[in-house]
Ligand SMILES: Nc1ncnc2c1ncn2[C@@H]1O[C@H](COP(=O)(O)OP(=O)(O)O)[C@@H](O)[C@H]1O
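Have a look below at one chain only, the form predicted alone, in structure tokens format.
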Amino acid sequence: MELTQLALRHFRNYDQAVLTFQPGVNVFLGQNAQGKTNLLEAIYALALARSHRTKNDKDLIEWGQKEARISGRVQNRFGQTPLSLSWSASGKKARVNHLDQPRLSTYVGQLNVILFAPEDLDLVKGAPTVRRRFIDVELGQMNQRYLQQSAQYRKILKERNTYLKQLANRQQSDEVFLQILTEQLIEAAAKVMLARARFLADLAQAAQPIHDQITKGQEKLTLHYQTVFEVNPDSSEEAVKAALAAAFEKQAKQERLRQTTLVGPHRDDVQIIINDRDVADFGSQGQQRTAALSIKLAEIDLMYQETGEYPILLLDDVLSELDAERQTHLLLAIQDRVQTFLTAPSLSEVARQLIHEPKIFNVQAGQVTDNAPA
């Protein structure tokens, strides 16, 4: 899979820009606050219909303008597909092949991306919400059914939480309605949890040999899906639903007191373990970065296995956060295999030696010039 062209209009600090890319490595060079990351953000948004940097779509619109638009052409084994997104006061509009998409779940998956930025260290040492979002983003690109299932779960969860809050202000409660909501939530939660468990098992299997190579066999990486009960990739849906029902029954009194749902995938986490120790609590910064790098590189192969296409890799100033050895592993892993977009103030000596004929773009104050010297 390749992104052959990207066009921006009133996006962030870009009034207008049209860029053409090569299949290999494309490098955006420039000083800070010139617009390099905005270009990666545009590619990310084109793929996932949302920014990775803000939840407020208004932030994407150039100051003083009423609408922002990004468009691109994706080349895969089936041919070329035009994609476009626009943001305005009336909302967000997504198009595939110039046709409006009534649901974003039908849009996501046309362009698959993996983003690796310095803040992705939070995948290892950050809050559980970071890891849950990581699963939702990466699995959602590979599996439209999961996108629909997780959206359904969030909808029911919101309704159940609203009702739990309403119960606190009532003399009497409708136990039947609460039970219906609980049963609906269990049905949706079981599907989400099983999909996550299977994804993490596959991801761990792909990440382990990469991590073993980087650490020269000195460390073993494992991923553990943390829930209120054990969920394995081969667990049956009925078994998960039964365990969820028991967990809800156990937490019923606490849920009334706290007026919120205390059981389900919205409270789950992923434990990243090196040599039987939680790397978030006991790992060095080097171990945390190696774990994050291994997981990100594993996604490339896993996405290829699931979709038949390699994703596009976005590296946002990440080389400066890695030592020469980790830079080498990263660049050798992507060389001549994955279309890559990389931002940096300048290319490191390692990058100059290992990147095969990169296409260089110079970025300054929202203006892009290609074929600039490296």
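From 1 onward, residues are counted along the sequence shown. Note that this is a predicted model, so its numbers are computed, not measured.
This protein has a second form, the form predicted together with the ligand, left out of what is shown; the following refers to that one.
- Of the listed positions (Leu313, Ala45, Leu319, Ile61), a single one reaches within 4.5 angstroms of the ligand by any non-hydrogen atom in the model of the complex, namely Ile61.
- Residue-level contacts in the model of the complex: of Ser51, Gln327, Gln34, Thr340, one residue has a heavy atom within 4.5 Å of the ligand, and it is Gln34.
- With a 4.5 Å cutoff on heavy atoms, Lys359 does not count as touching the ligand in the model of the complex; it lies far away.
- Proximity of Asn13 to the ligand in the model of the complex falls within the 4.5 Å heavy atom cutoff.
- For the ligand in the model of the complex, the listed stretch (303-311, 319-327, 35-43, 332-340) containing residues with heavy atoms inside 4.5 Å is 35-43.
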